[in-house]
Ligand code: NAD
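Below, in structure tokens: the form predicted alone, a single chain.
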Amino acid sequence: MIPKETADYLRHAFKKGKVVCLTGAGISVESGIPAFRGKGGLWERYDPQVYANSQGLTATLKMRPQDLGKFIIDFYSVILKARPNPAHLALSEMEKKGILSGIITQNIDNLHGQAGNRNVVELHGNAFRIRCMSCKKLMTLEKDRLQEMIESLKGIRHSRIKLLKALSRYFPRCNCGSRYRIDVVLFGEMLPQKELALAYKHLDNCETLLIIGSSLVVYPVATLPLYAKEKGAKLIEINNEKSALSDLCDYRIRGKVSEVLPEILKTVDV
């Protein structure tokens, strides 16, 4: 499955330990989370211009809170069922062995954290956190709390007033007076500058960038491999399909990431 030339390079690179990983939706598909833009994804059922847009969500909350409640139920029902797959676990093992210095991810599902990775840059946020819209204070929403929210919304989805009250419990007001919202980057919003700076710091120090399960069509994330290559890093793409930057990669491995990554770890074990 892994070409000999690629395996030889990885064996050498893993010994040096200056490896960074960039992950996209493809690594989580095998955990049961469809890519938002792909077949069976959330945007087939919900208009992203409404449900992935700050103004659209605000308008829906005011005018059609029942629709927002249904969206939240569908969104979190999928994420809460997902578990780290062998690809996530392999990356966690690489970090423990000192091979992998960090993960830069586009995903908001927290699966890298659940797998055990600690050095994760979440460029698009985390669905298990909420943040104050003014002072940016963060709070974690545990799985039990989110499951409780889903069950609560299911029971009152046809009552506008009760639904608004329920949402206010799970997305409360901060001490500063502003309200909390989900800590994810919506369409039209800037990436968190702190996270972006950390991503560039990782790339400044890496010699090998593993690009896993990303189509590389979303900007500015799609520019990160170019930045790494300009800094002298080798690019290794692991994906079932060709990405927008496949032709620029130094090595390419085709296959299911949940099979490829454990095989890499086994083949080049150091």
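None of these values were measured; they are calculated from a predicted model. The numbering used is simple: start at 1 and walk along the sequence shown.
The same protein has a further form, the form predicted together with this ligand, not shown here; the description that follows concerns it.
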Quiz item: Though only this chain appears here, would N240 touch this ligand in the predicted complex if you measure heavy atom gaps against 4.5 Å?
Solution: yes
Quiz item: Taking 4.5 angstroms as the cut-off for heavy atoms, does A35 touch this ligand in the predicted complex?
Solution: yes
Quiz item: Just to confirm, G26 within 4.5 Å of this ligand in the predicted complex by heavy atoms?
Solution: yes
Quiz item: Does L153 reach this ligand in the predicted complex if we count a contact as any heavy atom within 4.5 Å?
Solution: no
Quiz item: Okay, which stretch from 161-169, 114-122, 99-107, 140-148 lines this ligand in the predicted complex, with non-hydrogen atoms inside 4.5 Å?
Solution: 99-107
Practice problem: Answer yes or no: in the predicted complex, does this ligand come within 4.5 Å of a heavy atom in every one of S214, V218 and G255? | Solution: yes
